[in-house]
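Only one chain is shown below, in structure tokens, and it's the form predicted alone.
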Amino acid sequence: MPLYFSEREVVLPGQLLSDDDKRSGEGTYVLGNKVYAATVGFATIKNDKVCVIPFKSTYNPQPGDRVIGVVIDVKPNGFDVSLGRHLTATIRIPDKKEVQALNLKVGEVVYGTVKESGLRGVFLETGEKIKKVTSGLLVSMHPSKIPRLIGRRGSMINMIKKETGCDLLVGRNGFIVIKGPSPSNEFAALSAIRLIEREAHSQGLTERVENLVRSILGGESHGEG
């Protein structure tokens, strides 16, 4: 069945996307065996489904999502963690010794995995799946733009890492930690992130991001691969 859009094309509500109703994914609806856009966003294919990624959507935590959060409360049996945009997750640890071993304080940053998300709240995995982030620059972008930052098969983020020499931890909730060899390298990575956030829907973005980073760092690649 043909598709009626190009990859990452900006689409409008009601726009025809496909003749195959079985390929209807998130951000779409089916009418008369055809798939239409349900929201303004960019159209793409995910797991062989036609999807529309909205420009402005709230983050909806899903089990398995990797997220970055800031500790906002320390309790005898765990921690409360802000995931941004009024969203709070809980790290529940019955063993008080494990709570003490993590040694997390209010204001510290953690990198974790969503275990459960529902009416009872959002809970993060414990044990080895929760890491304290001890250094780096914490920044944020709209969660709906995170897939564009990552790129197809990690192409965009890997390019930024290579060109800046920075390590990037990315949370699906929109928080990102940049850790680089110098402030100028971290600034280059931050500038790339801001450009992607502003122009996520545009064509030729990868080349513009690469050119921006190279102009900031003097035209040389600062990574090892």
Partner chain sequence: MVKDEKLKLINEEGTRIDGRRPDELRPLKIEIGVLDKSDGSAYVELGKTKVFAAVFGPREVHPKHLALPDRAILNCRYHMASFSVDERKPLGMTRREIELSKVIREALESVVFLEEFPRTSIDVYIEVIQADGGTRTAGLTAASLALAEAGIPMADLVAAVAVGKIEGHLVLDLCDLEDKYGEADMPVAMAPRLNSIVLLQLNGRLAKEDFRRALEFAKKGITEIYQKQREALRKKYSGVSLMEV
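Numbering follows the first chain given and starts at 1. Here, rigid core means the biggest group of C-alpha atoms that superpose within 1.5 Å across both forms. As the structure is a computational prediction, the values presented were derived from the model and not from experiment.
A second form of this protein, the form predicted together with the partner chain, is not displayed here; the remarks below concern that form.
With a 4.5 Å cutoff on heavy atoms, residue 40 counts as touching the partner chain in the model of the complex. Contact check for residue 153: no non-hydrogen atom falls within 4.5 Å of the partner chain in the model of the complex. Although the partner is absent here, residue 182 sits far enough away that none of its heavy atoms falls within 4.5 Å of the partner chain in the model of the complex.
Though the partner is left out of this view, residue 97 does not reach within 4.5 Å of the partner chain in the model of the complex, counting heavy atoms only. Just one of 200, 168, 192, 67 comes within 4.5 Å of the partner chain in the model of the complex, counting any heavy atom, and that one is 200. Annotation: in the model of the complex, residues 54, 85 and 148 each come within 4.5 Å of the partner chain through at least one heavy atom. Of all the residues from 10 to 40, those having a non-hydrogen atom no more than 4.5 Å from the partner chain in the model of the complex are 10, 12, 13, 14, 15, 16, 29, 31, 37, 38, 39, 40. If you fit the rigid core between this form and the one not shown, you'll see the Cα of residue 168 move by less than 2 angstroms.
Core-superposed comparison between this form and the one not shown: the Cα of residue 156 travels less than 2 Å. Shown in the overlay between this form and the one not shown, fitted on the rigid core, is a CA shift at residue 209 smaller than 2 Å.
Cα-Cα spacing of residue 41 to residue 191 is enlarged in the model of the complex versus the present form (difference of at least 3 Å).
The pair residue 30 and residue 118 is at least 3 angstroms closer at the CA level in the model of the complex than in the present model.
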